[in-house]
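Before any questions on binding or motion, here is one chain by itself as structure tokens, the form predicted on its own.
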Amino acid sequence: MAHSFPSDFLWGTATASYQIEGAAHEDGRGVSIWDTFSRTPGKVKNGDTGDVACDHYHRFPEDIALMKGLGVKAYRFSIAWPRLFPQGDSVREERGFDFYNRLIDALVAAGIEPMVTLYHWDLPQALEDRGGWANRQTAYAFADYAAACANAFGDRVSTWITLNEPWCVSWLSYSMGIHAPGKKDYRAAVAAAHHTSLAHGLATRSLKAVNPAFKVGLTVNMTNYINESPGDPVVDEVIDLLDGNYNRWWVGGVQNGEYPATLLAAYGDLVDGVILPGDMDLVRCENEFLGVNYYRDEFVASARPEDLPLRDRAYMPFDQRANLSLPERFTGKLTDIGWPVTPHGIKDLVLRIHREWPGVKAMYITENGCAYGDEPDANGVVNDQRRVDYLRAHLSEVSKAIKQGAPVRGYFAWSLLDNYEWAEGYSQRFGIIHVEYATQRRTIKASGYEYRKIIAHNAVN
């Protein structure tokens, strides 16, 4: 049975600047928080850094040619803030602007639509030194940076994503210490969660002030929390907190101008002096789309009732209050990074968004992919059949969701290239194109050829 897509469905691939560009010390680029974090002993597997990564900074013509050969219609890439403004202030680095102008011009010449993400985690270190996303002023600096990008590139870029995965920016970075800047400060994470929302609202207005016709959206990572102990009210309570913290905070803020009430009650005085009068009017804004990053569902086996409700300001993430575990049915069926494969979840999620936030006019699946470490065989062929199966299964579910009314307008495979996978370094491979890091040789995997076929037929057959 063929699972088809609308005739104007946008097929793309996605990357992020620090994960692929390299050239970390070239052409005046400033230091980012990931440069600092990756050099901190014990923070990144094998001590890997993004200094070279996929050397996309020098090899982007080859990568664009590969995309064109796959039939890709759009390329979602991020701009490195420190390349344009090395200190995160108003002092420009023109060589950085020149690089992105060359990249965008090459994409347009190849007939590939550039979709720009303004922030994919590489904050200028100078801004972090002043508090980073826990500092309200970073949201205003971001709005100024967005305006500069709009003025520089807006004659060729019409679709803009403000921030990528603000939950990761807030919680993995400021509470759990897993991502740069590696802090473990619950209060700072709550502040960052609000300031990223504020930054999106301010940046949306900055972009629209340059060109009201721009299509602007926010990309959020979302999941479905599956209750493995139905009927347990304590599990219900912790799932509500998890869902509010992970799924509802940003979408509800942007769409309705409000955060989950149960979450605000749990945070208590942590939001005092953070959410100021008038802020939610700034957070709420009209966007043309929502970007959705989906990888897998989460499973809640039980909860720790002694930790609920959040009493005495016990500063710990809600996922430490839940016993997250994988059901036995996933034994031996995880991706290399340890995630279950739950393709039905992508359909459930976009239908939920459509149902609960009817103001979302359109959605793009801005990331979806899996980590499998298949290498070229003796003939140079990368037969990553598990990724082929993952891609087909998830796209089949997206097709079903569209037929049930979900306004999904496009899909961006994560990732175009094997690349620097944040705290996992180079140990995980998500690409549909294999990269041999020592030589920078690119090899299209079986999944890349499968994606080309899907794009050509506008269907999963």
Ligand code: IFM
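For every residue, the number given is its place in the sequence shown, counted from 1. Please read these numbers as outputs of a predicted model, since none were measured by experiment.
Not on display, but discussed next: the form predicted together with this ligand.
Looking at 388-396, 54-62, 431-439, 413-421, the stretch with residues near this ligand in the predicted bound form, meaning non-hydrogen atoms within 4.5 angstroms, turns out to be 413-421. At the 4.5 Å threshold, heavy atoms of residue 194 stay clear of this ligand in the predicted bound form, well away from it. Using a 4.5 angstroms threshold between heavy atoms, residue 384 stays clear of this ligand in the predicted bound form. This ligand is not drawn, but in the predicted bound form it has a heavy atom within 4.5 Å of residue 120. Though the partner is left out of this view, residue 339 does reach within 4.5 Å of this ligand in the predicted bound form, counting heavy atoms only.
Contact annotation: of the candidates 206, 287, 125, 164, the single residue with a non-hydrogen atom within 4.5 angstroms of this ligand in the predicted bound form is 164.
Out of the listed residues 259, 295, 267, 77, 295 is the one that sits within 4.5 Å of this ligand in the predicted bound form by at least one heavy atom. Contact residues in stretch 364-389 (any heavy atom within 4.5 Å of this ligand, taken in the predicted bound form) are limited to 367.
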